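Only one chain is shown below, in structure tokens, and it's the form predicted alone.
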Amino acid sequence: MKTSLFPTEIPNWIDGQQRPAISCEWFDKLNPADGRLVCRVARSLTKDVHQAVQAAKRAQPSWADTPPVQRGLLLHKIVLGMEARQREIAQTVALETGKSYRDAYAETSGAIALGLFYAGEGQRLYGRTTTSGICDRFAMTIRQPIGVAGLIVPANTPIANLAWKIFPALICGNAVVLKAAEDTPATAWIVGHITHEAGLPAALLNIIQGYGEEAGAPLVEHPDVGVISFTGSTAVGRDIQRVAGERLAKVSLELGGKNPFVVCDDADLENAAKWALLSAFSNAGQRCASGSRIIVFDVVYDQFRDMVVSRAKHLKIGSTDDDDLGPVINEAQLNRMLSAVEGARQKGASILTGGYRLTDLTHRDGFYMAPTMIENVGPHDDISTTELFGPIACLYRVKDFAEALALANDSLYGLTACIHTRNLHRAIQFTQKVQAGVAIVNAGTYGSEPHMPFGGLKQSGNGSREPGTEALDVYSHLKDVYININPHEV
């Protein structure tokens, strides 16, 4: 396949150079919208990862010695490069994910905004000065880089995910080894190209292509990688925590969610229905912040259910700007979702709409899951407790606010949560009591901003927060500095 956007074979970026895997092996990347071959991708193994880590380790000390303001100016050049090639980035994202160009362009805008935020943090890489309890002593803290940062990202919002981790890691003075998502290799490749053109010193950003178990695992295990930042499934995150913890590496985990979307009896049902559909189905439900548990007060349940089911049936499915949602990222994910829905059906769940793969002439070659809404499931059924990462949502009937809050919190996860109500007291109580890292009133379960921390509780993460200034705590450590003077020597 020929494309002007990127090579037909996607290599690694190591030490400022494009390199195939040492094994010279490749794997195929398919377009989820039509099943066609997009490119072949370097299938990297342990030796490739070790090369990248060694290059990063050599390059990092001089970057650490570069004043943070100067680091920020260089990151700003990278942002300008992203702006200049925004259409190209968006086209690449759309081609790799199957989402519309409109959505890919908006995602790229978000990545650019995040890059600008962290470029500015070079002027505000704060420590603090404070007082000492000892005479003639001055106390302060300063931020210092960790060294080599290992970054592992998913494919759901590829350019946003890259910016989310690369920019804060670099502004703190680290060198980076990024394990790109195997389903969005070209998006990572083009970012490597932009940083190279912007003049980022060679080996400060190394990009490894490959599968998680073959390229991600060696990165987590490597003794010279001082911090691991991972966004992905809870199961993989648990393994990363264990392996990296054995060598006491710093770890940041942003994991899964089964996020509650609560609709109260006084909600604006039109607004709630709009946001329920967006939370459940936008980006084909491929968000860690997807609203997959819709909890509705009994008095409005039937009316609200009929509203959202009717609208879900009329959603447009495809990869154009006129469509509401696209395909899921690969066929394995699609089959997993279909199996989960069938398992729920066999246990007595009612499939209100969807629950199947689209096989008509327009969609049959892609990986399209019909928007699916389910009711009559228990809060501890597999469909209620397993993150499916697709356009599937379950409806739950509750009596009142207390029951809604209890059900919202009755989950192994705690990433985001949303409530729709006109009652200020109820809204505030929900934001205070819901067990989630993000609480939202009268909108969707998603919508993070560059300057705000994001992360979850329980099995949704390990307590770290990215982005925002809180991400600086992930990618740097604080050093106490004490300066003692002798006043007689003045």
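All figures in this text were calculated on a predicted structure; none of them were measured in a lab. Note that residue numbering begins at 1 and tracks the sequence as displayed.
Another form, the form predicted together with a small molecule, is not on view; read the next lines as being about it.
Here the chain stands alone, but in the predicted bound form its contact with the small molecule, taken as any heavy atom within 4.5 Å, falls in 255-263 among 255-263, 141-149, 404-412, 97-105. In the predicted bound form, no residue of the candidate spot (Tyr118, Ile166 and Gly437) has a heavy atom lying within 4.5 Å of the small molecule. Residue contact with the small molecule in the predicted bound form: Thr195 places no heavy atom within 4.5 Å of it.
Ile240 belongs to the set of residues with a heavy atom inside 4.5 Å of the small molecule in the predicted bound form. Although the partner is absent from this view, Cys418 stays clear of the small molecule in the predicted bound form, with no non-hydrogen atom inside 4.5 angstroms. Looking at Ala217, you'd find a heavy atom of it within 4.5 angstroms of the small molecule in the predicted bound form. Note on contacts: among Glu88, Glu182, Asp324, Asp381, the single residue with a heavy atom within 4.5 Å of the small molecule in the predicted bound form is Glu182.
Proximity to the small molecule in the predicted bound form, taken as a non-hydrogen atom within 4.5 angstroms, holds for one residue of Glu213, Glu246, Asp360, Glu270, which is Glu213.
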